[in-house]
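Below you'll find only one chain, the form predicted on its own, shown as structure tokens.
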């Protein structure tokens, strides 16, 4: 397809910061078509950029060095649901929202959930090893993948699917693609494990004035095996959400903690008894409607912050005891650069994954060096769940040692010897 309006939309990343120059859009509707495309591209040494839902925040889905975009938007079939083993097999273009809707009423749900669920695709989430809000209970996307099919320039279709729960017949080649950001092959389908639905869900919003209090509340919540979600955000951020969507926070605190517990009805009584004696601000969702209102305060942060202008977004992770130091040091560095910068912090407290959004008139390169540089100095990870993409590729050599980089490049060269897939991404 070469419709300029359609192609133009695929050339801009979600943040609007990265703009590509591709002129053609390829939309295969089967693994066979995709295999043919990669075979020809590899023979002609024609770069191709792979795109799922185009929700990358690091330029990973934007074709800055390719004239062709290959999208999985037509690979939409959900092929098989196994109610006995709790597994589903679906194609790469199925969105998280579509998968969740398909599973409605089956007694199962998927273990990864993201705010971008209506556009994020299975293939894209596999390629970035997406984490999401339930990481502390169910792990990341890597933990949900039973098997997958992968089309590569060097080997064509690698069908790694297996109908068995236990299959240790050599190296699981397909799983190498998880987190590889489309640099070694294109995921066409995957078999995913599912989670049995809980009898009930219990959502609690805490308000605390110090980060040490936040960590103490997390320690308290972790004593319950049913803890599924542990999120945090600040008053500055929630004010923006209130203005953006008309929501109302039930109390004012410096830090907010959003916990979700998934279990049975006995769990509800146990938690109710435990929380009754906790001092401080607390709001408990008694039904799905009130829980949705509490969740809106967290999930609309990205939307609300984007209304302020240019935003530089950082997805980093630390040991829990380092988060407050990072927050304080990041503000000091920004203040040393300009008095007009404003930083907002929120994220997944349970696993140490922090989302820092910086609103300023500074160049992105200057802010990157301040925030990513600080993260590296503190020994944190410069990418907790969004990947490296093109925006962080220049920092990879500071985040990984030479042996790790050599191994990555060797894997890339084996599956994509002519370097046609996602040039500029990661490497």
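What you see is a predicted model, and the numbers here were worked out from it, not measured in a lab. Positions refer to the first chain, counted from 1.
A second form of this protein, the form predicted in complex with a small molecule, is not displayed here; the remarks below concern that form.
Between the small molecule and the residues 234, 302, 203, 191, the one pair within 4.5 Å by heavy atoms in the predicted complex involves 302.
Among the residues 298, 87, 138, 109, the one placing a heavy atom within 4.5 Å of the small molecule in the predicted complex is 298. Only one segment in the set 385 to 393, 32 to 40, 362 to 370, 58 to 66 has residues whose heavy atoms sit within 4.5 Å of the small molecule in the predicted complex; it is 385 to 393.
For residue 346, a non-hydrogen atom is located within 4.5 Å of the small molecule in the predicted complex, even though that partner is not displayed. Proximity of residue 313 to the small molecule in the predicted complex falls within the 4.5 Å heavy atom cutoff. Proximity of residue 134 to the small molecule in the predicted complex: non-hydrogen atoms within 4.5 Å are absent; the residue sits far from the partner. Proximity of residue 355 to the small molecule in the predicted complex falls within the 4.5 Å heavy atom cutoff.
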